[in-house]
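Only one chain comes next, encoded as structure tokens, the form predicted alone.
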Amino acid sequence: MKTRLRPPGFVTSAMIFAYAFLYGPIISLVFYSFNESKLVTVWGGFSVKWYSELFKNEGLLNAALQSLKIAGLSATLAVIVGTLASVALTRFGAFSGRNLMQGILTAPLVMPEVLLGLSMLLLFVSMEQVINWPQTRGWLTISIAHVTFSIAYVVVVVQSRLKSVDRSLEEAALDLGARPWKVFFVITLPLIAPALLAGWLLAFTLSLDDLVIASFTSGPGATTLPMLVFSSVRLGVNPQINALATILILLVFAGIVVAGRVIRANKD
């Protein structure tokens, strides 16, 4: 009879501390979103009034929708460009400029966000002077800036998946007369679909969470949710922000569950 090994007491304590440290603030945020009191740190009784007040706050809702729109667009473009770059780096072997391309793609991973935001701001200002575009900075310039740094994360995820794919399947299709583009869409893409979904979710989350780069590349009428929350925190946290954050947490949790099932189904 086999005996089950139990983790030592230190390991168990460390795990409990780590989970409490990571998820304790999130649980408290959800808890206080049902607080009756305006003071987010003083419990005044159970209430859902802040959720109803949230849907009347046009400024907060517009900022949230703006952030979701930017995150969805930038994540989609980052997955498209990042996937093509990953295929080029993985399937075409050594070519002229490969190392330079690899370095440019991975640079945003180690570059401070302040430098990225400032460089994108200078780029947009220079483009406006030379080609008279963009005339104003808004959601489009934020999306372009978010695509720039999100591509690096997508490339890391997709490239690692491409390296583990059995290339004999692609080679067999080519031997049978399939064109390279057909092989890519019919065979390669389904095989790397979990990595594409994971890269999209990662890019979406990074864009939705960004504050520094969006602050540099935004303009009048292009306030994202992190910018609005950061500016309002100086005057005290609005309970409506807790309610909105709870809704976003539920959406993210649902996305993780769906992604996990897709990845699990693909493995089976």
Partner chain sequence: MNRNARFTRNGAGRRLVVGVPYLWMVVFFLLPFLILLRISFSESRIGLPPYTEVFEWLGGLSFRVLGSFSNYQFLFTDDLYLSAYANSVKIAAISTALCLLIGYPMALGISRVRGQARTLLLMLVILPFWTSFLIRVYAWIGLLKSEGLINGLLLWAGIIDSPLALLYSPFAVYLGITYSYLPFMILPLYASLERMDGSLLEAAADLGARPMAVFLNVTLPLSWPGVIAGSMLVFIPAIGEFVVPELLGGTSTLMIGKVLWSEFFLNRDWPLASAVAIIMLIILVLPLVWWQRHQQQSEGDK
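Numbering follows the first chain given and starts at 1. It should be emphasised that the depicted structure is a prediction, and the values quoted were computed from it without experimental measurement.
Not on display, but discussed next: the form predicted together with the partner chain.
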> With a 4.5 Å heavy atom cut-off, would you call residue 105 a contact of the partner chain in the predicted complex?
Replying inline: yes
>> Whether residue 45 contacts the partner chain in the predicted complex should be assessed with a 4.5 Å heavy atom distance threshold; does it?
In response: no
> Contact between residue 99 and the partner chain in the predicted complex at 4.5 Å, heavy atoms?
Replying inline: yes
>> residue 126 versus the partner chain, in the predicted complex: is there a non-hydrogen atom within 4.5 Å?
In response: yes
> Quick one: which residues from 82 to 99 get a non-hydrogen atom within 4.5 Å of the partner chain in the predicted complex?
Replying inline: 84, 85, 87, 88, 90, 91, 92, 93, 94, 95, 97, 99
